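Next up: the same protein chain in two forms, each one alone, written as structure tokens (structure 1, then structure 2).
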Structure 1
């Protein structure tokens, strides 16, 4: 990139053009743009690329070889979760989103795109009902970005810079959020206690630092699947100091669990991958942000909102942008946050899923998830040497410690993978994060427990 080479197809590679661009931004070299990348992560040599493929036949063979290396979680008994989950996807969901008017829709204007706008308005309405919030955005890239935006909104609304992180957060999510909010906010961690937040420690910190705390950030379920039972106390502590409560959640359990808004949450955010989207070798992710019908909060949302709009014909209504003037699409560099291509297709998928499930279906699903999780926790905890990391209320995921068996978590994964089972995600040397959903039967869980028990017996004392 730093060599004076003019590429025939790549723009702005002419030395004079590059020099003018660097001068415009006040940089002396392109290397300055990568100052935040540790030197050990930078490549100081050309990419080690294979020889070019000279025919379509070779390309197809090459791609087939790469794809055949993958193993879908539908081909094995999988207990993998950690942010991307194996839930049942009704056939009608994919039938709808594969329709050409949805699958190929991009960024048409209201007069030519009523169907997509209406579908996303209905998705927002269904999500708002599930979350018991008034306003839900058109989906962002993923739940990580939604969380980062929710926290920066809290910073702007309060004029403060400190975020209290009081839950176990997915490490990848925490890394992405930290990078996103770093120019505006400071993350301060308060170690959780057992399966939930250490409320006394939060109260003590907030009382001493009331003037700088922007919000308390809670994840429920947490990275380890724990359901936070002290949201009301955390909300009261935040509000007493003039701060906000930002709650990250997975809406899959809200048919049976109380919505965070009912317990004092000011901003609720998360990912909708669980709502009708497959794991797909990493997941089809999309983020949501929900707020109450308060203009202060609504105008801080950088994302697009679709709602009912009147037309030039009296008494006629259509669907279009709400308060479009607050977005960076309208005011460009003066926007509070940039909004680019959203994951709108996944919002339509989630809307179809929620419409099909209805309140009764979501309640039944939530009860099933809680029951399956508890059953799996009990079965694994009954294995000699295996203990639960905590015994609180969990939804879908929990951590087991296998140190008492003489095995490591990697030993368990490696051996059971050879037997056609993915037992979970390695958290550290001796702890394993196990995920169960409605697709698992009691026989599936019994098989997992039986294989681990057999492995323990095979291990020399």
Structure 2
């Protein structure tokens, strides 16, 4: 047994307090409070858990011991992407989201939590400018969830069931979406051309299936980093058939790339991890869904939406929930899908990020990403036996095929890891998905290319 202790987290275990409180409620023991829990359900032994680390010294030493067994992407040279990205995270973003008031708040009223409402309204508004759309939700869990919802919205809005998948989609995202939409939608795939949708095939399919297509679903950049250049034609085709265009995108490129809405997208969705969030081992994602200010669309959103409201004092910005009666919090199973605790703080982070970046920051970042991507593509493609899977416009990610080198993608990864480089994500036997961002220098990229080149050289053809 340990010594009896009053834990700093549990004030009223202090013996005098506990006794006084028991007396105040007229109980002789805590056990009385559990009268309703029948004996056969009661655990008759202490939980089998490791002994407590009571002092912060012991706790921190233990946690450091564990976490120091990790090697971070600050310590190796990483070209990993595929959903989680290493971008510059301005210190001000983290200062704001680590403020006690934001970090520990939950669901106060618009009065006492005015800051949260304004910060999230601003997030919605800043995203809206980037996207050129008038309505953006308080973030949902992640881009996977956002996509699932965007597609089911399209199903509900059109009353149809078929989703045309026209881009290369991350297989995990596809797995999630498939299970999510199962009761409502069928996914039909039209194989892409790598650098983008096979527009002719899409057009042909849509015109043949005009009555049943709920939406055309485009991802740009695609799983392979390819920027879709034919959005307008895809939109027109969808609209002509009475279907919608749902576009999944990463807003990081929208300082230089045209917003999908400009090209006809009806629902735009994706993940905001790139906008001011660290990688967190893949555990810091948040999903956005944007629509035009059309009540039919707005009323299909399951998420919370914060809107401006006036107060009794002129010039005071009040806030509140827009159309709360849509939600499951208000009407349970009759609400749109469901809403609960989601990813608000990440939304605040993305808002701070966009406020700091401004138009010039986003434009410059977009340019840097395009330039670094192109540079990396060129450097890797110059290695004998290495070829680009496609030569379209890429933002941040692209696929190289190493079959010509006699190496598998896994070989490349394994060997380079030994040299302090994570060269990318294995797509299949011979293909590797490489990611570069603004954090990489030309020296970093040259080092990657150099190491692969020398590995290729070492390899007997």
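Computed from a predicted structure; not experimentally measured. Rigid core (definition): largest C-alpha set, two forms, superposition within 1.5 Å. Positions refer to the first chain, counted from 1.
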Item to complete: Look at both copies of the chain and name the one that is the form predicted on its own.
Response: 1
Item to complete: Return yes or no for residue 419: a CA shift of at least 2 Å between structures 1 and 2, with the rigid core superposed?
Response: no
Worksheet item: After a core superposition, would you say residue 442 shifts its C-alpha by at least 2 Å between structures 1 and 2?
Response: no
Discussion item. For a quick test of reading the superposition: does residue 183 move by 2 Å or more at the CA between structures 1 and 2, rigid core aligned?
Written reply: no
Discussion item. When the rigid core is overlaid, by how much has the CA of residue 11 moved between structures 1 and 2, in Å to one decimal?
Written reply: 26.5
Fill in: Cα displacement of residue 310 between structures 1 and 2, core-superposed (Å)
2.7
